[in-house]
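Just one chain follows, in the form predicted alone, and it is written as structure tokens.
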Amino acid sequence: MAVKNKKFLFGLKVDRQLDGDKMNREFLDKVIAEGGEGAAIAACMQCGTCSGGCTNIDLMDMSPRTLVLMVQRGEWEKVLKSNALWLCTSCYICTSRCPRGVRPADVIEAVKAIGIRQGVENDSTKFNQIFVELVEKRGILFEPELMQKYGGLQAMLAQAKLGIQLTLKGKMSPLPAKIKDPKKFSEALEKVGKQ
């Protein structure tokens, strides 16, 4: 007597997750378009290897494995509310360890980009926006200016001791650096802006 509808790993359809739930293709396709075809989100078998190697897992409310599952299911609100997006350091340990070629770090970066375009605002998006503005302005980052714009004078004073130590060791300049060819840098920014 044959058992009908028995789930078996190798018998799953490509449009279904490991637990048999149908994937949300609309959301999945948005993330793939943003993160590239190499993200291989649909290939995730939820083994947890990515989460086992994550260096920030103890700070995250959602592991990389769970985040990929939520993307597969199309649970957009849960994904956007997760602090895992903003705590990922893009070290790519999760990606390098995946036995199926899934690229969780690329998935996280893609979801962040979509979220920022949709208006997600938090400390991380504020920091990233200031960082980009300063790099566009100078062509190179001047850390004290970043600290002042992000956290104000109080944040600068709180980090002054570290700043002095970094400056004395040659790790940070006390004055803003200048790029060698501002014209080439401006051209590169214009080229990227057109894409």
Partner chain sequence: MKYSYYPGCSLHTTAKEFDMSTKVVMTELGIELKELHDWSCCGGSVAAGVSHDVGMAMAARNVALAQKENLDLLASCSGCYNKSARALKALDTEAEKERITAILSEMGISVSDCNIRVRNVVDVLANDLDISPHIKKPLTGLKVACYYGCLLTRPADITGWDSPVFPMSMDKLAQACGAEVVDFRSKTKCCGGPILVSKQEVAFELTKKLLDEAKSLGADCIVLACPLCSTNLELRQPDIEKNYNVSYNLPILYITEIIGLALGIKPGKLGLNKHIVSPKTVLNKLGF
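Residue numbers count along the first chain shown, from 1. Throughout, rigid core stands for the largest set of C-alpha atoms superposing within 1.5 Å between the two forms. Predicted model only: the values in this text are computed from it and were never measured.
There is another form of this protein, the form predicted in complex with its partner chain, and it is not shown here; the text below is about that form.
Contact check at 4.5 Å (heavy atoms) against its partner chain in the predicted complex: all three of C91, D123 and L141 pass. Interface residue remark: W86 is counted as part of the site for its partner chain in the predicted complex, having a heavy atom within 4.5 Å. Though the partner is left out of this view, E136 does reach within 4.5 Å of its partner chain in the predicted complex, counting heavy atoms only. Within 4.5 Å of any heavy atom of its partner chain in the predicted complex lies no heavy atom of L80. Taking the partner from the other structure, its partner chain in the predicted complex has a heavy atom within 4.5 Å of a heavy atom of T55.
Looking at 171-192, the residues that come within 4.5 Å of its partner chain in the predicted complex, counting any heavy atom, are K171, I179, K180, K184, F185, A188, L189, K191, V192. Once the cores line up, the CA of Q159 ends up 2 angstroms or more apart between this form and the one not shown. In the predicted complex, the Cα positions of E187 and K149 lie at least 3 Å nearer to each other than in the form displayed.
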